[in-house]
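Given as structure tokens, the chain that follows is alone and in the form predicted on its own.
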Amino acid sequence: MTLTITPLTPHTGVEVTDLDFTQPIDRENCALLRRAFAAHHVLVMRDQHFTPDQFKAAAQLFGEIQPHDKKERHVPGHPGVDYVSNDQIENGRRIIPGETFHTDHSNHPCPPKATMLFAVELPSSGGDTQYVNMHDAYDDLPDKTKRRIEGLKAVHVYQSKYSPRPLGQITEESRRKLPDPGIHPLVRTHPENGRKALFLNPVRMESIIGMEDREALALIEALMRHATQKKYEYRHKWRDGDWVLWDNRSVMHQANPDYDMSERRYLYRLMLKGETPA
């Protein structure tokens, strides 16, 4: 069966239909999907019906699985498949995974190239995920700013002391297995499409090498204000059966807590191994 690919915005996101990922995918369709991913950064694959194991098998069409830092946040009985939900409350505050703009696991020396979610249970409204195109954000920077940030590197830790939000608790066992902090350029070049992109994550960026913290924070805040403008955004409104795959090298994302918290939001989650940002 030949898939259908439809752009969702002029710059970010395509909708993929007419393909059942529980069945073998032929070489031609695999090549089409990979080209679309490199060009559009977010794939929205509609009307899927996965068990956890089927989800894991489909994920590997795009690469090798990257384990989550929180080993305990897995689907019961399926330690190789993680989940996100709105069921975690700590210190009287509900933890909404991904609540501010970020890129996943940037504290790793080789951050994941991609993250994916599969909608299992959704609230009746709200809970959208927003994506912003970091290639276009970089392209639109003034030349003076591009010269200033070229060659700068940031230190990414599990949770920055300047993080705009708390992360859910991590067990001591998981903490002991965390990698050394990642040191990554503020501007990275995508290994497949060749485009430069801003590489930002205020949740994990602890410092910029060679800068005083005050100056570094001001620079990060200015770049974030620029990068999160609506003109760079694709906002995904979830439907039952949606499988969404996004490129952490090309976009930042955030989850929205704008729904009735008495309703459950539960999605399977996997990441794919990436390369050292360059």
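One rule holds for the numbers: they count along the sequence shown, beginning at 1. Source: prediction; values computed, not measured.
Just so it is clear, the following notes concern the form predicted together with a small molecule, a form of the same protein that is not shown.
In summary, among the residues 202, 126, 181, 97, the only one with a non-hydrogen atom within 4.5 Å of the small molecule in the predicted complex is 97. Taking 135, 156, 102, 188 one by one, only a single residue has any non-hydrogen atom within 4.5 Å of the small molecule in the predicted complex, and it is 102. Remark: residue 122 does not count among the residues lining the small molecule in the predicted complex, judged by a heavy atom distance of 4.5 Å or less. In the predicted complex, at least one heavy atom of residue 255 sits within 4.5 Å of a heavy atom of the small molecule. When the small molecule is considered in the predicted complex, residue 152 lies well away from it, no heavy atom lying within 4.5 Å. The small molecule in the predicted complex comes within 4.5 Å of a heavy atom belonging to residue 84. Stretch-level contact check against the small molecule in the predicted complex with heavy atoms at 4.5 Å: of 246-254, 28-36, 43-51, 215-223, the positive one is 246-254.
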